[in-house]
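Given as structure tokens, the chain that follows is alone and in the form predicted alone.
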Amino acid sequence: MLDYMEIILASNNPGKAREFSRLLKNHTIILPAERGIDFEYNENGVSFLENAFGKANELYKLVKIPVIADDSGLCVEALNGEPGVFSARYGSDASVKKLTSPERNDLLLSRMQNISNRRAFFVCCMVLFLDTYRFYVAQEIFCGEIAQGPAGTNGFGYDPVFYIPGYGKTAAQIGDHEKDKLSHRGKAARQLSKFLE
């Protein structure tokens, strides 16, 4: 059993780092910037797995210690799976500034106007790289619906517009503990924890 590891998260998102720290609480999660590393990865894969694996592999080459990476996104049934792997850059044009999370949420809600099928799910593909020939992959989902409007301040990304019918709240209106039990990232992290144990 690997009781404790320092793991570098292939992300520059402090919100995601906090979430991973809660999910893998027996280990220390650090961002590349905390090691003085300027890490950017062009997520141009056609699947969540391709993007997550690519990020983990590239960062591992730089640091040579355990790395965890994920690619997550929101898939909306009525929009043929959009935004999917393009969730972080949904509605953005390469020639202009990337949309902020609230702007992406507004764009999604405008595209969902007058659509009765609100079913959607988050996907998280998570890759834990221990070394070049030892890595683990877990992919999980979190089912819900697109809300009629944003609500809540907890979480990040599409959380304010992702409604959880069984709770009567958006993902941004529930506490961290509840979210970790339900979420795509929480489920994938628990699968990877099993490998570590």
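These numbers were taken from a predicted model, which means no experiment stands behind them. The first residue of the shown sequence is 1; numbering continues from there.
Omitted here: the form predicted in complex with a small molecule. The next part is about that form.
Asker: Can E43 be called a contact residue for the small molecule in the model of the complex at 4.5 Å between heavy atoms?
Answerer: Result yes; E43 sits at the interface with the small molecule in the model of the complex.
Asker: Do F121 and the small molecule share at least one heavy atom pair within 4.5 Å in the model of the complex?
Answerer: No, F121 sits far enough from the small molecule in the model of the complex that none of its heavy atoms falls within 4.5 Å.
Asker: Flag A88 as yes or no: does it have a non-hydrogen atom within 4.5 angstroms of any non-hydrogen atom of the small molecule in the model of the complex?
Answerer: Yes, A88 is a contact residue.
Asker: Would G54 show up as a contact with the small molecule in the model of the complex if we use heavy atoms at 4.5 Å?
Answerer: Although the small molecule is absent here, G54 would stay clear of it in the model of the complex, with no heavy atoms inside 4.5 Å.
Asker: Just to be sure I understand the contacts: of G144, P32, P66, G157, which is the one whose heavy atoms reach within 4.5 angstroms of the small molecule in the model of the complex?
Answerer: None of the others qualify; the residue that does is G157.
Asker: Counting only heavy atoms and a 4.5 Å cutoff, which of 157-165, 127-135, 34-42, 144-152 contacts the small molecule in the model of the complex?
Answerer: This holds for exactly one stretch, 157-165.
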